[in-house]
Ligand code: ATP
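One chain is shown next in C-alpha cells, namely the form predicted alone.
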C-alpha cells in the first residue's frame, strides 16, 4: 500500500462522492488544507471519537474527561514554550517562490529513492536529516539538500534560500480591537489541546478527589498555521486531537511510558487492522519537555506516517505553569514510600501523554477499509468499491431495503427501522434495483443490508446480506437487532 498515489487519489474522490469529506468553502474555490466532514464523514468521525472516549474514560476508573476552551490566557503559551519555540524550519525556492518545510522536502526526496528501489540510500538520507534536525544544524540541512540536488517540484531547480524558522500559531485579537499602551489583546488559537488539561490539573484532581496515578482526557480542535499543509486531511490547519495526560509519581514515568505504548497499540489492533500496518518509531530529537518519546506510525497510502504520539513529558508543563502563574501545582501523596517508611509528600507529578490526531485516525481507518474488487465471471463483468469498516465505526449499521414500493413492503421496512433506531443508526432505501442499492451501501461501509420481500409478509423473516462476504441468509425479523449489536461489540 505504501506510496500508492493512485489509491490515495481514489480514496479522496470516494470521500467526496459519498459524502464523507468536502473541500471547505468549495463554491468559493475552497481554502487550502481546510476540509468539511459531510453527512457520512461526520458520523464516522463521531464513532471514532466515541470509541476512543469510551476506552479512555468509561472503561477506566482512573481517567476522567474535560472539555477546555480553545481560547486561553496568552501567558499559557509563553509558559509552554510555544511563543518562543513552536517553529518549523522552512526553505524557499528562489525561482518558484514556493516554500517547503525542510523535513517534508527531504522526506519527499527519500520517497523518490525508495520508489526507484534505492532503499538504503533513502534510509541514509533520513538518518542524516534526523541527526541534523536534532542538532538544529540548518547549514548542514541546506548542504544536504544541495548535495543531493533536491529540486523544487514547481520550478525543477535547486536554487534555495537559507533555512529559517516560522512560528505556527494563529494570533487574533480578544475583546475590544482597540488597544491601549497598558493592554495587549493578542491571544492565540490553541496549537494543541494538552495545555487546557495542564492548567486544570488541580481543578480536576481536587474536585474529583483523584489519586496519582490518574489521567485527564480531552477531545478538541487545535490550529496550526502549517506553511506546507498537504496530503488531504493528514496535515491540516484546523484539526482535532484526542489526548490524554496521565499524571504519575516521579521516578515511575518510564514504566508508565512503556505501559501506554503497549496499551495504545492494543487499542488500534482491536479494530481488526493487522499489526503489519503499524510500527513504533522512537524520536531521535526529543521535544524540550520530554525524556522519552515515540510515534505509532501507520502505513497510509503515502507510506508509514505518524498516527499517534506517546511522550514522557516529565514535570515540565506543571513546573512552567507554576512558575508563570505563581500558583503551586503540587500534589500531596500520602502513600508510604517503602524505601523511607514515610509518605511521598508534596511533588509535581510527571506526565505521560498519549496524543492521536482524530483526522489522521479517520484517514487510517478509511485507507485500510477501502477496497476495489473485481467480481467478474466468464459470463459477466462486475466490480464493486467497498469500505470494510469495523461495524462499531460504520456510519450506518443496517440498511433496510423493501423489494419494491408497494404491497405493504415499505411499511414493514419502516417498522424494522423503528424497532432498531434507538440502538444503532439505520437507513431506508427504496430507489433502484436491489443490486444497485447493495453497491451503494457497500461504498458507504454499511455492514448489513436487510431485504424485505413477499416471503416476509408470510413468515416474518428477511434476507440479511453481509457486506464483506456478500453472503445472504434468511433470519427472523426479531433476530436482527441482536445480530447487529453483536457485530458492533
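On a predicted model such as this, the values are computed, not experimentally measured, just so you know. Residue numbers count along the first chain shown, from 1.
Same protein, other form: the form predicted together with ligand ATP, not shown, and the subject of what follows.
The stretch among 143-151, 198-206, 159-167, 352-360 whose residues place heavy atoms within 4.5 Å of ligand ATP in the model of the complex is 352-360. This chain lacks the partner; the member of 321, 101, 397, 368 within 4.5 angstroms of ligand ATP in the model of the complex by a non-hydrogen atom is 101. Checking 329, 314, 76, 241 for any heavy atom within 4.5 Å of ligand ATP in the model of the complex turns up a single hit: 241. None of the heavy atoms of residue 91 is located within 4.5 Å of ligand ATP in the model of the complex. Looking at residue 390, you'd find every heavy atom of it more than 4.5 angstroms from ligand ATP in the model of the complex. Although the partner is absent here, residue 301 sits far enough away that none of its heavy atoms falls within 4.5 Å of ligand ATP in the model of the complex. The closest heavy atom approach of residue 309 to ligand ATP in the model of the complex falls within 4.5 Å. Heavy atoms closer than or equal to 4.5 Å to ligand ATP in the model of the complex belong, across 231-262, to the residues 233, 234, 235, 236, 239, 241, ordered by sequence position.
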